[in-house]
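Just one chain is shown here, as structure tokens, and it is the form predicted on its own.
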């Protein structure tokens, strides 16, 4: 049974569990607060801190894991391979200074700059690439206060919208990387259990793909099918089904982009379409 390390709390945990359940791998816990759960017949989930997951996967304690790509980059272990971008947990790792600082880009910072961060590895490598020797000030949280206390000159920290930085009198001067949740795997495990891992990746991909699509059905006049085909290209064109006892009408079925549903319905209504139904898709295989 392959072990999958999952975040034990927070939004990453909630989104990961929802993803697995939609893919047909509902976690089965033996008891409340259990740190392990079965995911179907082939996988076992172990629940640990998100920041520990890259190390668990690198050391082989778990064959697979879900964690942020920022944490994978910080660990920087060659044994860990990114398999799939899961799309949730999006954020950016940025360089920020006080609002009253004259600095506008990270390359302007001088040697000896003190950088408060919980990502010391990424920070060092980033500033080395700029040719700047920095002094790392390790923090485990609330890095925003460091420049105001004189503990550091700048911070390297995660942000989603930048609002927390602005509230705390800081401004962004550069983005180091963009992060999101990733499915990662142990390099050795990928060779030994390739089939099971490929099947899991395909199942998760089918859920992610479906979230961006909708299934649309509509009754349309047969003499408008050429226009309908332009409106509903679908995956390989719309499926057309005869409507019983209605020679002039057919039912058109197609998969459409979720963000285009409003426009699609409007165009179909212009053609006189009736009985339009839109529904979510749980899984979509290519």
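Predicted model, so just to flag it, every value in this text is computed and none were measured. Residue numbers count along the first chain shown, from 1.
Another form exists, predicted together with a small molecule; not displayed. Remarks below refer to it.
Residues with any non-hydrogen atom within 4.5 angstroms of the small molecule in the predicted bound form fall in just one of 167 to 175, 69 to 77, 187 to 195, 105 to 113: 69 to 77. Within this chain, residue 269 is remote from the site of the small molecule in the predicted bound form, having no heavy atom within 4.5 Å.
For residue 10, a non-hydrogen atom is located within 4.5 Å of the small molecule in the predicted bound form, even though that partner is not displayed. In the predicted bound form, the small molecule sits within 4.5 Å of a heavy atom belonging to residue 159. Taking the partner from the other structure, the small molecule in the predicted bound form has no heavy atom within 4.5 Å of any heavy atom of residue 228. Only one of the listed residues (232, 64, 50, 220) places a non-hydrogen atom within 4.5 angstroms of the small molecule in the predicted bound form, and that residue is 50.
Only one of the listed residues (91, 83, 101, 145) places a non-hydrogen atom within 4.5 angstroms of the small molecule in the predicted bound form, and that residue is 91.
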